[in-house]
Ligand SMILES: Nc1ncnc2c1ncn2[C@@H]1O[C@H](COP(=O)(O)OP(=O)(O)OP(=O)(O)O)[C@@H](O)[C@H]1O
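The chain below stands alone, shown as structure tokens; this is the form predicted on its own.
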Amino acid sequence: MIQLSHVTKTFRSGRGQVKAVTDVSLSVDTGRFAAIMGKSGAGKSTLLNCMGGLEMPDGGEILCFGTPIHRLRAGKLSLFQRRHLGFIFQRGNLLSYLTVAENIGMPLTLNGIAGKVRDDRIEALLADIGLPSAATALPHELSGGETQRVSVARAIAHHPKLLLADEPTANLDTATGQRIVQLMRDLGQDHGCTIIMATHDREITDIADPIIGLKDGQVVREEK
């Protein structure tokens, strides 16, 4: 279970202090596909980054499967992220100098998974995302939808407990975006992964549960 209690995050800017997240408390049960909904600037990305330890909250507590990640020092936090978390970003964030297979295999290598086990898992994931012949392709040779499919495979490769996706369909057409979300859901279910996705795409409401509404950094509704 993911639990947030009174989480607050403030940034300094030329306009002074800006509260991106204000007193947010929520929970997501293990194995759920949750959506954080809200317009641009609502605080979705900041909240997601806090959940994954990419940013530290100024106040409040974040328990990730019982681990208080807001208290972990850099080394232990990095190890926790490497073992238990997967991230999908809006633009894919694939490493341009690595092939598709090498990008997918990176989290496996970092977790000490090598040899035939690593190769077999990469091959299986390439088949799962519908790109079995793209192993040696470089990121610039992929379409936007293919890039995001590879990003999903990379994020799920090491069987993380939690998958965090920040607007993964924002730069895709509707049909491609729906396929990406379905892929995330299917792979998450196959591996028993909890998924939390930040989005403003209303189509997600058909499959997400719970739906967490965010406005001006505050939870305005939570639907099951």
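Don't overthink the numbering: it's just position in the shown sequence, from 1. These figures come from a predicted structure and were not determined experimentally.
Just so you know, the form predicted in complex with the named molecule exists too; it's not on screen, but the next bit is about it.
This chain is displayed alone, yet in the predicted complex one of S45, S27, T67, Q178 has a heavy atom within 4.5 Å of the named molecule; that residue is S45.
A20 belongs to the set of residues with a heavy atom inside 4.5 Å of the named molecule in the predicted complex. Taking non-hydrogen atoms only, E167 approaches the named molecule to within 4.5 angstroms in the predicted complex. Put simply, Q182 is far from the named molecule in the predicted complex: not one heavy atom of it is within 4.5 Å. In the predicted complex, the named molecule sits within 4.5 Å of a heavy atom of S40.
Of the candidate stretches 59-67, 154-162, 183-191, 45-53, only 45-53 has residues whose heavy atoms lie within 4.5 Å of the named molecule in the predicted complex.
Interface residues of 185-205, taken as those with a heavy atom within 4.5 Å of the named molecule in the predicted complex (partner not displayed), are limited to H200.
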